[in-house]
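Shown below, as structure tokens, is a lone chain in the form predicted on its own; questions about how it binds or moves come after it.
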Amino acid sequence: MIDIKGKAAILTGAAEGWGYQIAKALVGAGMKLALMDVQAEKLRRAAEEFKAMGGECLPIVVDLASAEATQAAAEEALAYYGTPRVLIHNAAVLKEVSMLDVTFDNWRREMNIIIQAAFILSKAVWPGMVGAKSGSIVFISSGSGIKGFVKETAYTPAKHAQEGLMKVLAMEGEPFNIAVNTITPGIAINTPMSASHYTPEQQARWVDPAMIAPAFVYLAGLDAKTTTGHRLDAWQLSEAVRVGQKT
């Protein structure tokens, strides 16, 4: 494991929900953050909060559906912090629309935010990580990454694609000690996205995403010698981190 204090992270979807809690956990661990989100005011408030905690962060307002904007955001983060220790791609959009009703523009936007941005951001940090022979890349996945759901005409294919990209990058990155993994919540979590899609049964047992943020402090210091090419469970991993902190 790598000491992550003072090192940089790039995190997408950082303004609210799980991404916000991941950012808060990384700030608490002493990391410097490049935070990306399309929600300008929420991102500004989050960055101010993290700075008040003593953290250092660079808020970047970006629409990850745009390839050009995503590339520009990546270049801004790299120019400011250099090669990050970890890239965490959390941003996603889920619109439940049947095949009869979905438009190409709707489909393409979801796909671009989830898989196109994953590719562009990974491509941007890859040379530096290869040169450093160190790094960790994490894509946020879900049950949609391994099975299908009705009306997820874009979200499910995009999450499947992330799983495939992870497997390829894990193989290519292993000789350079770059860990590449996907991670799922492992439990129902209370976020703006899940609130509109979870069943009442799921909502009855959901937890605050802060409960599964500790997993990312561990993942930020991961290298390929430890774990790469895997689909991880944030709930189980966070529990293991908490147990380790107590011993």
Ligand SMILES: NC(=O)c1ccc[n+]([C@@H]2O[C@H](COP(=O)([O-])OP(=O)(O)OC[C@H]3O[C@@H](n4cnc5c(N)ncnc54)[C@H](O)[C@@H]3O)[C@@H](O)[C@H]2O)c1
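Residue numbers run from 1 along the displayed sequence. Treat the numbers as computed from the prediction; the structure is a model and nothing was measured.
The form predicted in complex with the named molecule is left out here; the points below concern that form.
Here is the short version: of 49, 63, 208, 56, the single residue with a heavy atom within 4.5 Å of the named molecule in the predicted complex is 63. Out of the listed residues 73, 86, 91, 158, 91 is the one that sits within 4.5 Å of the named molecule in the predicted complex by at least one heavy atom. In the predicted complex, the named molecule lies within 4.5 Å of some heavy atom of residue 142. Taking non-hydrogen atoms only, residue 189 approaches the named molecule to within 4.5 angstroms in the predicted complex. Residue contact check for residue 223: none of its heavy atoms lie within 4.5 Å of the named molecule in the predicted complex. Residue 113 belongs to the set of residues with a heavy atom inside 4.5 Å of the named molecule in the predicted complex.
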